[in-house]
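The form predicted alone is given below as one chain in structure tokens.
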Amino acid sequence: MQQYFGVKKDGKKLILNSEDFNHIKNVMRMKENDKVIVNYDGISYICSLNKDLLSCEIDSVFKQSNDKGSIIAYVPLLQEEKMSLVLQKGTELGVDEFVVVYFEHCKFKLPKKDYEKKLLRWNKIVKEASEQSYRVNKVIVREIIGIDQIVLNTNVNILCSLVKNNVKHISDILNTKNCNDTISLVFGPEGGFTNKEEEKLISKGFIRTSLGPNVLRTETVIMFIMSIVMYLKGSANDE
């Protein structure tokens, strides 16, 4: 069943985003009374489409958000294909918010005049990934910033480091007791962080963390960590 995000609720009626009309009518070829899942204000509903295909009537509650905390990923600016993969897979695996950061080793450069256009595209990617994976809360790509603009207000702060000394293993940082806390994750582009960048991130409150002996591609890091988080969340809920 296809999921969409509603923009307004009026009694038992939900209004859909007009931008979804083409997908509903011409891609999915839906008609009046077809069933869809519509997410609004942290609740997903099973609904029946009205004749206009941009509103629907609520039939029942599908699921509600029971996630505790949130996960913020500070991701390096990457070329389009890799950025799309990071955003899509991160969304599917539970990231709630992305912040794109310029690091010194970022090979892809983006003029400020193109920021708004890129953010619109990236937010479309996470919206579609949220719908595909039945996410209850809408994921957002918030902004493009420099490292100095990072301000931490989270409980668990993971810096994915290639350094081998004075570094904690991921198993020392994440566990069933803190996996439902608010988590910030930062990882660098190919080549990692510069020493100066890493020290600056540590001074902001990130903990230098090893992901094991293998050097992972940038786009693999988000899948590796979020798979661990999802496993721990499942284990914590079973306790």
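Everything quoted here is computed from the prediction, not taken from an experiment. Note that residue numbering begins at 1 and tracks the sequence as displayed.
Another form exists, predicted in complex with another copy of the chain; not displayed. Remarks below refer to it.
Problem - in the predicted bound form, residue 32 touching another copy of the chain (heavy atom, 4.5 Å) - result: Residue 32: no, not in contact with another copy of the chain in the predicted bound form.
Exercise for the section: Consider residue 172 of the chain shown here, and say whether it contacts another copy of the chain in the predicted bound form, taking contact as heavy atoms within 4.5 Å. Expected result: Yes - in the predicted bound form, heavy atoms of residue 172 and another copy of the chain come within 4.5 Å of each other.
Practice task
Considering only heavy atoms, tell me if residue 97 and another copy of the chain come within 4.5 Å of each other in the predicted bound form.
Solution key: Contact with another copy of the chain, no.
Practice task
Find out whether any non-hydrogen atom of residue 138 is located within 4.5 angstroms of another copy of the chain in the predicted bound form, and reply yes or no.
Solution key: No, residue 138 stays farther than 4.5 Å from another copy of the chain in the predicted bound form.
Problem - 217, 227 and 231 each touching another copy of the chain in the predicted bound form (heavy atom, 4.5 Å) - result: Yes.
Exercise for the section: Could you tell me which of 149-157, 84-92, 70-78, 108-116 sits within 4.5 Å of another copy of the chain in the predicted bound form, going by non-hydrogen atoms? Expected result: Answer to the contact question: 84-92.
Practice task
With another copy of the chain left out of view, choose which of 28, 37, 211, 54 has a non-hydrogen atom within 4.5 angstroms of it in the predicted bound form.
Solution key: It is 211 that has a heavy atom within 4.5 Å of the partner.
Practice task
Could you list which residues of 115-138 come within 4.5 Å of another copy of the chain in the predicted bound form, counting heavy atoms only?
Solution key: 132, 133, 134, 135 sit within 4.5 Å of the partner.
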